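Quick setup: the structure tokens below cover two forms of a single protein chain, split into structure 1 and structure 2.
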Structure 1
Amino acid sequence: MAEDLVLDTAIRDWVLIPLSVVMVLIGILRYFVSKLMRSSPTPDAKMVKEGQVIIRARSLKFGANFIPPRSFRTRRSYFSNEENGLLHVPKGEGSNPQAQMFSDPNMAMDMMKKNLSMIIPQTLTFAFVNFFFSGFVAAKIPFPLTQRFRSMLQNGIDLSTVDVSYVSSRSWYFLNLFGLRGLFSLILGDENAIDDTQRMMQMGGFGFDASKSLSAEKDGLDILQHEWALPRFEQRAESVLRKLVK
């Protein structure tokens, strides 16, 4: 059914634009509040060391073929030695990140703050949209959609015959939710352009789980076969020089 509904321009003036403006303002407000509330992260010495160990182990893996075999073996045993190797995580201690999360009050507070600062504005805005802007068709999406989206996009509209391309303002809210990243990067400077989607992804990834990366690096090193690349260099140097001398 492709009837063309004519939408009042007043809808655009009083619904779409104010809603976008409100969301942008809330984003900016949230940015400043988070800046104020953010406790400067005191990096734990152990975590810094683990991070650096991982970097060093990784570069060992990549550059292994450039150093003599003896040095490589020394380094590898330094890293993966069973008793006191740097990468070796004893079985019991393999830290359970969840437990650590809750036992460390600082981190728990941080996590809570971050979650709250995201959930509350979202909930409020959603309620706001539902209260003020429901019950009418807000916009028309330029491309056709299937019927499955009806329940999501046409929430306030109780007519089942209306084309799915005509959506309610709730979908405009969702569109803004996911799309304002570009605008934030303009306004707040390029580094602060996280919008809600990225924040939601950040919510999932709990702290830096070092023990898993350590054991991953250790396995990577253990299976590495050392093949000294330097003898090849001698021949290459020969050919380079031959070309030079000619």
Structure 2
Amino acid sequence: MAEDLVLDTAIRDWVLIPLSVVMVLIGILRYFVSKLMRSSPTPDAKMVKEGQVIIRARSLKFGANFIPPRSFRTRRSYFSNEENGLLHVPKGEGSNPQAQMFSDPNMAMDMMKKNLSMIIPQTLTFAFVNFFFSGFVAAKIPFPLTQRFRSMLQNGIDLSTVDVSYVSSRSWYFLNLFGLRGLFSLILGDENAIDDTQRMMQMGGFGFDASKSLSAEKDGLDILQHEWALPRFEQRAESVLRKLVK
């Protein structure tokens, strides 16, 4: 039988609220520090050109049925021609993002700065929370939960008799760590929101491989079956009007 606890108001005043305020302030400080460390790289003309070609090829695929068949075949040949097509990547000329990162010291330095701006503050913050706020039952969720949530909500408390709806101070830290994106978007703006989940997914990435994207768009254009939609517009409009009349 799970036990019900009476939480002291001092825990709210000296643990729950200070911990939340500290997480918000650290997030804002991290944003300004990462903004100072951020460098403005000069765009590569080749990468910009390849990106624009990919966008144009996707636009052709999405709107292929709204142009005549002859125009579609001409545009597809312009993009996917084996000799001089824009999407054709000759063998041996594909870019290697990993080699490009190691050959460009600025790219490697920017990646190291991004990783350090996430790892170091989170390590120091977790040590601070674990030292000052460890072992407290900080809050209670106002709805029942199953036993699967115990390890997530009661990290640092080794009591199986406590109800699952109670949240420990260490678990409150992790909830704030991954749940404050909406608040940061309100304070710093949508483009400046700090999302640790995206940063963790980006760690270890080596950039954009344009050759694979060009090859994928070329294969998509080659297998695309063109069906001109304009000749059937009158029949479709007539069928819709007949249904409305009936």
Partner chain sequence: MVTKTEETQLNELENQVENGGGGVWEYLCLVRKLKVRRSEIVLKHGLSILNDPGKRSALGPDEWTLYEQVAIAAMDCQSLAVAQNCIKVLQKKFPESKRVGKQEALLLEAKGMWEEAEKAYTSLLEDNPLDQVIHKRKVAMAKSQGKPSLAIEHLNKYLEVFMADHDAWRELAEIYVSLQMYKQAAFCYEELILTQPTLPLYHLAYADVLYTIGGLENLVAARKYYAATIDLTGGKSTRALLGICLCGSAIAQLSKGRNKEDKDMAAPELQSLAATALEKEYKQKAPAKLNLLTSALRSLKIS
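In this text, the rigid core denotes the largest set of C-alpha atoms whose superposition between the two forms falls within 1.5 Å. The structure presented is a predicted model; accordingly, all values stated were derived computationally and were not measured. All residue numbers here refer to structure 1's sequence, counted from 1.
One of the two isolated chains is the form predicted in complex with the partner chain, namely structure 1. Taking the rigid core as fixed, one finds a CA shift for residue 229 of 2 Å or more between structures 1 and 2.
Taking the rigid core as fixed, one finds a CA shift for residue 67 of 2 Å or more between structures 1 and 2. Once the cores line up, the CA of residue 162 ends up 2 angstroms or more apart between structures 1 and 2. Relative displacement of the residue 149 Cα between structures 1 and 2 on rigid core alignment is 4.5 Å. The two forms line up on their rigid core, and residue 241 then has its Cα shifted by 14.6 Å between structures 1 and 2.
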